[in-house]
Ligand code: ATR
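Presented as structure tokens, the chain that follows is alone, the form predicted on its own.
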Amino acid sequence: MGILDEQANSFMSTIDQYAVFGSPIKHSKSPRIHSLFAQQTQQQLSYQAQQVSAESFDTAITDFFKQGGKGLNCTVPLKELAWKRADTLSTRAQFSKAVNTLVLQANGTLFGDNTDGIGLVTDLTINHGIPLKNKRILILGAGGASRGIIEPIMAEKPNHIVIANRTVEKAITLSHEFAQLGNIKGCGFSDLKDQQFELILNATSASLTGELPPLTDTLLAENGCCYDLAYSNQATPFVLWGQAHAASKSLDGLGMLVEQAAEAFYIWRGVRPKTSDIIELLNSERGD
């Protein structure tokens, strides 16, 4: 090893190490976002994306923290595994049974949190001025994405939440898990035909495959809003559906991505970055 290599390794060892684990991961925007956060807040850190499968997660996470890692993000398909691996959990992570943010504590234990829901709520309420209090809210899908957002939404005191899913039993089971927090029920898509909602959230993976759940034309209330938790450079099928059904706003999840990252950054560093300029920058780069 040459002198320059030794100097580089010494420099890296003095910088706090963070990463995102997932599979696939190469298109992740997280390293860019956290680099921008670090520049803005004058924090010295390194943040890398690492391809990690479910099968290799235990080994990868042990190695990462053994080698001096300070904090970790986990995305698909690792959030449930991270939830099991954490020694202690936030309340929202306990409810969601999924962890996207791990932090190494001073005593050597791992604290797990889920920042997805608060990222969504912040993007809706602060960035887009969409209040959730007393609103009729529909969540499409009963998988992990839905599970991660319900508790923070419920904290905003909506009128009620309906979870609709192809497998009705899954939606009903999920609604029962959160029933103590407020008025929530689960049903199938066919049960929505006589209902209207002021906010519809797409938490299915359908947009990523160019598909849509079966939605009736009368589902969205007048001046209602649509929000797709997924994001892409082009408008997703659900965003297009919202536009076609006269949604006052029809949005995708890029803002949620930045806001959940900002919450993780705050957990790790104790500094809350400003997100508006970064969201604007990433929006300007769509299609590049």
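A quick note: this is a predicted structure, and the numbers were derived from the prediction, not measured. Sequential numbering from 1, following the sequence displayed.
Unshown form predicted together with the named molecule; subsequent notes refer to it.
Judged by heavy atoms within 4.5 Å of the named molecule in the model of the complex, the contact stretch among the candidates 180 to 188, 113 to 121, 100 to 108, 140 to 148 is 140 to 148.
Although the named molecule is omitted here, in the model of the complex none of R92, I153 and E156 has a heavy atom within 4.5 Å of it. Of the residues T167, T216, N134, T173, just one reaches the named molecule in the model of the complex with a heavy atom at 4.5 Å or closer; this is T167. Residue contact check for E211: one or more of its heavy atoms lie within 4.5 Å of the named molecule in the model of the complex. Proximity of A86 to the named molecule in the model of the complex falls outside the 4.5 Å heavy atom cutoff.
In the model of the complex, at least one heavy atom of S205 sits within 4.5 Å of a heavy atom of the named molecule.
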